[in-house]
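For reference, the chain that follows is the form predicted on its own, supplied as structure tokens.
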């Protein structure tokens, strides 16, 4: 049986999702038996363009990124968005509420305006190409990645949960953080992570985006009921969900924090 040829690429990101792949140490031999890696800057010297599956990390931040990902899309039979930046715009999209000129002045003190070329918005891959499958999270979950590789190698479609992180908290027996006055987004966030953050007392930041039918009005009401301003929910959603098409799904129901 011929192993599918896979490649890894990155755009605007910390490349932490690719490091997650490499950190799956015990599973790497099985991975290499299932697929042939032909392009992976973090791991191998050889680089070829005869790949069938492309795993792409990072958001699009430069015009050149758009051209490159479109080239990857033409070569790849399957394109997988890897992580929050690739799926949602991620942390990079926090800048999307500011103009490029304003950012240049603030970052470079007015000395570098026009020196660099950037897109108006940091954008997910889906803004430029068809994405066949999304592996969400910041970073991705190693087990979910390995299961996705097994599915793709077998010719089946990986399944992403459509329900909320709150469901996973309930299954784990984790007490609701809102009851303790901790601003958690689990009610609207997409599950699949095993609710690991709330299990250790850290609030969900919705790094996997929102589930299929998020009720942002109810989220704001829950925050208010537990003594937190509704605008706090909007502020927290901006960390990973600030790309305009993502943001439009929640900003109608939640007031924006002051100054944004």
Partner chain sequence: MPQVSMIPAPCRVLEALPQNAHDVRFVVEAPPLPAAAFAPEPGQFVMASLPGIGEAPFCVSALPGEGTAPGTFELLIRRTGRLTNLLTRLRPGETMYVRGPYGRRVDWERFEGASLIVMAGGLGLAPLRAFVRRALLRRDAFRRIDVMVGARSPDELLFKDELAAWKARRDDVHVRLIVDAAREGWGGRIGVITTLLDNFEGEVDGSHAFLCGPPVMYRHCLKRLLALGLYEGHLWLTLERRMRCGIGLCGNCQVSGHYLCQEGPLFSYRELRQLREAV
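Residue numbers count along the first chain shown, from 1. Just so we're clear, the structure is a prediction, and the values are computed from it rather than from any experiment.
The form predicted together with its partner chain is left out here; the points below concern that form.
Proximity of 126, 129 and 132 to its partner chain in the model of the complex is absent: no residue of the three has a non-hydrogen atom within 4.5 angstroms. Using a 4.5 angstroms threshold between heavy atoms, residue 97 stays clear of its partner chain in the model of the complex. Of the heavy atoms in residue 78, none are within 4.5 Å of its partner chain in the model of the complex. Although the partner is absent here, residue 155 is a contact residue: one of its heavy atoms lies within 4.5 angstroms of its partner chain in the model of the complex. Of the residues in 132-155, those that come within 4.5 Å of its partner chain in the model of the complex through at least one heavy atom are, in sequence order, 147, 150, 151, 154, 155.
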